[in-house]
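A lone chain, given as structure tokens: the form predicted alone.
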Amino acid sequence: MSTTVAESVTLWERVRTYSPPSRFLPVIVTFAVFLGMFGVGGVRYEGFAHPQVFLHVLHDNAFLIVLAVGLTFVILTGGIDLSVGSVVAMSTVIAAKTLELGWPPALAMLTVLIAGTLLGTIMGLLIHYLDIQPFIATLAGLFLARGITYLISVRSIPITDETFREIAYASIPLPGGHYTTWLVVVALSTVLIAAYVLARTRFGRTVYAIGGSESSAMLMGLRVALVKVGVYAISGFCAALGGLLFALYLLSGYSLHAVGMELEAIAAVVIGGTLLTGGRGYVVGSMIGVLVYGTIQTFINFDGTLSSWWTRIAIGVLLLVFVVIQRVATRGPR
């Protein structure tokens, strides 16, 4: 009996004095903000805290989650990718136009993914081998992708393909009478795969090493070139996949889709705890950052009297707060 009591006391002491590793603190803070916002919404608005509302937030932001995953890889290396919003628009237009021409849906989707990955790879090659600043290279990619959308079509192209519409409208039953969609399944699967790659593979460890110090990573014999180009290829692939989800969400392709979406995704990644200087962050944190963004939009929808611009204001405030926290946390002694 005394042994059992001693073990219980020891366990309680461990729980009471437990302090999570500092690298997890930004994600924990973001998660706390998310839970707090949902809690306040649940108190203020009837039905806000219903599980189906949370599932709707996931559905409405599935494409942004995928976009944030790709950007997390890039930002972890200390880079940036401004082209992802334009790649989303390009992807919707390519998908809509090829389906309009009678292409099989599988071929249309494959074409979209190849186009996004190819553009990302080209930008990665320019950044690493020609030493072009990521801001400039991806800004060029932004204009290129947006220009391609205008060349394909300047009008909105509705998607009437039956397979696309079935996927878009299909619901997956969950316990308790709730349901979700394939968009959510794809987004969460992307997060899980990316989390595994970053945590359990040599590629992922090299991503963090480059963000910590690229010169040190090279001295350690890591494959810096492959990984630096690879993260932009991944970002391009995720942007194309996000574009497909966006096309399924709106069932249309349009050259003016996703204007400014790259800034929303970058903001979500930073709010999720990823350092803009690279080397620290998690895709789960980026997903929670997107959920914070989606929860703010849900607040506005439930209130009914607030302008949609309050979403921008709230995200701007949160972004500034998290950047200041990052700066204070990473600044050495003066």
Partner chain sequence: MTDTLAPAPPTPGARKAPAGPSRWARVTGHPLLYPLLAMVVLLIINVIATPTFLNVRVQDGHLFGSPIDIIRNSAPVLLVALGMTLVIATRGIDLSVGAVAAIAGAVACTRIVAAPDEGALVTAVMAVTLALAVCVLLGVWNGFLVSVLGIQPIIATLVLMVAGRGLAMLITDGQITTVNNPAFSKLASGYLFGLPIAFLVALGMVGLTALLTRRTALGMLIEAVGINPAASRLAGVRARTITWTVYTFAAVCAGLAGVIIAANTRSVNANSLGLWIELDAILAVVIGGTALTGGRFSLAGTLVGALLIATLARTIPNIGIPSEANYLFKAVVVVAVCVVQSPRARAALRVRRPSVTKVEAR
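None of these values were measured; they are calculated from a predicted model. Residue numbers count along the first chain shown, from 1.
Just so it is clear, the following notes concern the form predicted together with the partner chain, a form of the same protein that is not shown.
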Query raised in the report: Contact between Thr277 and the partner chain in the model of the complex at 4.5 Å, heavy atoms?
Result: yes
**Report entry** Touches the partner chain in the model of the complex: Trp310 (any heavy atom, 4.5 Å)
**Finding:** yes
Query raised in the report: in the model of the complex, does Ala195 have a heavy atom within 4.5 Å of the partner chain?
Result: no
Query raised in the report: With the partner left out of view, is Ile288 within 4.5 angstroms of the partner chain in the model of the complex by any non-hydrogen atom?
Result: no
**Report entry** Ile132, Tyr150 and Val324 each touching the partner chain in the model of the complex (heavy atom, 4.5 Å)
**Finding:** yes
**Report entry** Partner-contacting position among Val186, Leu126, Leu251, Ala233 - heavy atom within 4.5 Å of the partner chain in the model of the complex
**Finding:** Leu126
Report summary line: The one residue among Leu107, Ala170, Val259, Leu174 placing a heavy atom within 4.5 Å of the partner chain in the model of the complex is Val259
Requested in this report: Quick one: find which of 108-116, 203-211, 134-142, 241-249 has residues within 4.5 Å of the partner chain in the model of the complex by heavy atom distance.
Outcome: 134-142
Query raised in the report: What residues in 168-207 sit within 4.5 Å of the partner chain in the model of the complex, counting heavy atoms only?
Result: none
